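One chain follows as structure tokens, the form predicted on its own.
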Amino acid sequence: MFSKILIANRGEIACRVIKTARRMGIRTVAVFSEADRDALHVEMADEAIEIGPAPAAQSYLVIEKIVAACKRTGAEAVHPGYGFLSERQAFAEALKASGITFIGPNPGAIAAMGDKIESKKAAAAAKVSTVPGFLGVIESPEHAVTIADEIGYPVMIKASAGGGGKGMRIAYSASEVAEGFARAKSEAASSFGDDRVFVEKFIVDPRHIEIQVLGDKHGNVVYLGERECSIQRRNQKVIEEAPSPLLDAQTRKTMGEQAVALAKAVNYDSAGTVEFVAGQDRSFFFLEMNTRLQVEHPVTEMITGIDLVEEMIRVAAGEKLRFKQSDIKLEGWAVESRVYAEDPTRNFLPSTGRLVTYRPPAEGAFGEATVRNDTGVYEGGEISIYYDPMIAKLVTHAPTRAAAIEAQSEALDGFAIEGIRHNIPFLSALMQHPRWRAGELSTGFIAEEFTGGFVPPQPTGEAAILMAAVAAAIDHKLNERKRGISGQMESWRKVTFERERIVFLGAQPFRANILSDDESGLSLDISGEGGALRPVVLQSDWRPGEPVWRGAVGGRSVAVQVRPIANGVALGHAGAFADARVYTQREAELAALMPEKIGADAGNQLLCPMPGLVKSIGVSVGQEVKAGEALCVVEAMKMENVLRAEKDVTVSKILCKEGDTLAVDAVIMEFA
């Protein structure tokens, strides 16, 4: 076994590998760019080596720097994580030439399966069902349009070396193919150093199901069940689960055996994933093979009890697999949510800045459910513009799918993040969605169910009553605290405190009467449907300033996100969010008379929707632009975003140039 390994990655996956290596008694070496000098993976590793400037192309993607770091520290092996150099054949070969072990598949397997064009050819040769498409390299937009016309729309334009949704576009017409081809090539070049793309038929209403395989250097390969990753936006996975609610035992077996046969055909000898696009009728087609550890590997680990990182390390060290196919048993259900630094209310645009608050839910077993949080950040740390916007992967495991979703929902409610925008409100709302809970999924789920974008829903029904009760409890706690302040002036008459309160959740009023506050909890009556009062008992150790109210409401375990606002608190629970203000009867009467502040209009300006780099400007001063036409391209966190005109305008000023780095809401151009 190795005594020291280097992790050629950053963020949560670097931290994840370090945890397993530490448990195995293996020392670790971290590499970091200038932007990651204070990153969590640097702190966790036994040693750390700086490898260059912030852009990945000058640090994490430079093979020579990784090899030099291995030689400098005496690392015997390298775990590449995912992304960056994880599927680069040249990297595995460079390590081998330097006498360093690559903790991943052999270069031949990477060459055969890591390239999406070549992998489809290999799959076709192995008689695996593949999606119709053109497997050659496409050199021009015109060529791409010709191919798309022959295949039939819609089509998928995809980077050959791609992953993580980068270099990928769906096109429904010739014009979309031409523009998508240019964007896909550009993203592929900047993300992977390889601008080759191909075109294939896009299966309508598809589901994304993948098989986890694991092979050793002695010819043994097994499959560890499947994962469903159909909840995606911009072709990037958001929610993953294992097993899939679509598959039956026979389909699982057929897909698994097909994946193993493909892996054996290329002498695969590590952890890898064979991805399929599946129809609602359980038909499936080979999509690609990822010759690396997947982002969503924790859900497989949770239902199999197998540490995939440990197995990768053992296989790389020459050990045989410690189990046979018959030993693999799937137990329970696991759900994973990717917590991203992005604003779901602004079309999921990336968000960067300091994590002023970062309080994930507690990990471990809670009854029949287990909570796990894989992360690479910490409170006070920075979310950088240069890398993927992932903050954490929140995973829950329980005996059933419904129980795993409930556990995930409560864990999301207990996740507090401030300082940047994040997608927890969206994830929480999604966990309550009836179609998600029913398992009626497709890769178009988000686009179909959130057609007008995401707007955090207001609380209704029981959720509203619960949140109003929590708001009343918080207000009561704050008032009790104020009454205990020493040195207060004595009143000339006895002070009586009103027990009746009016709780406003947004504009929705509730009546609350405080009955008692003792060891059994806070008892109150609160208005429900029809305005009738109903008794509720709340128990909590919450203290003012804590970002999450945890406790029990009516005997049920509850977590509610709490953020102070003027004259109240903003609350979030079970996907619903509202500003809560608690008044006496007289205060409520006066509050109703207060004027509302109306936000200023941005006017005829194009504002930068997220911190980013100006890749190109497609217009000039004085140019007349029609609604829908592209104005400029802004790159943030490796994704290129085309900003378009919302109406017919004439450009009067351009206030930036290509290569400029802009802050969120910076003015890019003005219109006459």
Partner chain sequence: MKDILETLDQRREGARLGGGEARIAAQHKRGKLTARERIELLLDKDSFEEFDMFVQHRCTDFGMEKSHVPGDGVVTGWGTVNGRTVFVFAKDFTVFGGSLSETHAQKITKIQDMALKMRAPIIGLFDAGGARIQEGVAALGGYGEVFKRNVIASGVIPQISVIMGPCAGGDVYSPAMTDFIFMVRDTSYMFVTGPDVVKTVTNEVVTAEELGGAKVHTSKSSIADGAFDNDVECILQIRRLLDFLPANNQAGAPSWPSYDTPDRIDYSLDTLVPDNPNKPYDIKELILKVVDEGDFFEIQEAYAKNIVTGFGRMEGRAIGVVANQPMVLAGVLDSDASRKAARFVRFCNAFNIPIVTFVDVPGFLPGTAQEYGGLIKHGAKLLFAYSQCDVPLVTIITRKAFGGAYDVMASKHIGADVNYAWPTAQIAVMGAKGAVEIIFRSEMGDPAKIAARTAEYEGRFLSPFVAAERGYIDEVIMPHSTRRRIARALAMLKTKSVERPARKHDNLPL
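Numbering follows the first chain given and starts at 1. As the structure is a computational prediction, the values presented were derived from the model and not from experiment. For clarity, a rigid core is taken as the largest C-alpha set superposing within 1.5 Å between two forms.
One more form of this protein, predicted together with the partner chain, exists but is not displayed; see below.
Q: Taking the partner chain in the predicted complex as the reference, which of 435, 543, 71, 320 has a non-hydrogen atom within 4.5 Å?
A: The residue in contact is 543.
Q: Quick one: from 38, 624, 646, 46, grab the residue that has a heavy atom within 4.5 Å of the partner chain in the predicted complex.
A: Exactly one residue meets the criterion: 38.
Q: Please name which of the stretches 109-117, 579-587, 200-208, 273-281 has residues with heavy atoms lying within 4.5 Å of the partner chain in the predicted complex.
A: Result of the contact check: 579-587.
Q: Would the partner chain in the predicted complex be within 4.5 angstroms of a non-hydrogen atom of every residue among 261, 305 and 364?
A: Checked in the predicted complex: no contact with the partner chain for any of the three.
Q: Using the partner position in the predicted complex, report whether residue 380 sits within 4.5 Å of the partner chain, counting heavy atoms only.
A: Contact check for residue 380: yes, within 4.5 Å of the partner chain in the predicted complex.
Q: Taking any heavy atom pair closer than or equal to 4.5 Å as contact, tell me whether residue 555 reaches the partner chain in the predicted complex.
A: Flag for residue 555 set to no.
Q: Please tell me whether any heavy atom belonging to residue 567 falls inside 4.5 Å of a heavy atom of the partner chain, as the geometry stands in the predicted complex.
A: Residue 567 belongs to the contact set for the partner chain.
Q: Residue 486: heavy atom within 4.5 Å of the partner chain in the predicted complex?
A: Answer yes; at least one heavy atom of residue 486 falls within 4.5 Å of the partner chain in the predicted complex.
Q: Does residue 368 move appreciably between the shown form and the other one, meaning a CA displacement of 2 Å or more on the superposed rigid core?
A: Result for residue 368: no, shift under 2 Å.
Q: Verify the C-alpha shift of residue 587 between the shown form and the other one: is it 2 Å or more after superposing the core?
A: It does shift by 2 Å or more.
Q: Residue 661: CA shift of at least 2 Å between the shown form and the other one after core fit?
A: After core superposition, the C-alpha of residue 661 moves 2 Å or more between the shown form and the other one.
Q: Given that the shift is 3 Å or more, do the Cα atoms of residue 665 and residue 571 end up closer or farther apart in the predicted complex than in this form?
A: Nearer in the predicted complex, by 3 Å or more.
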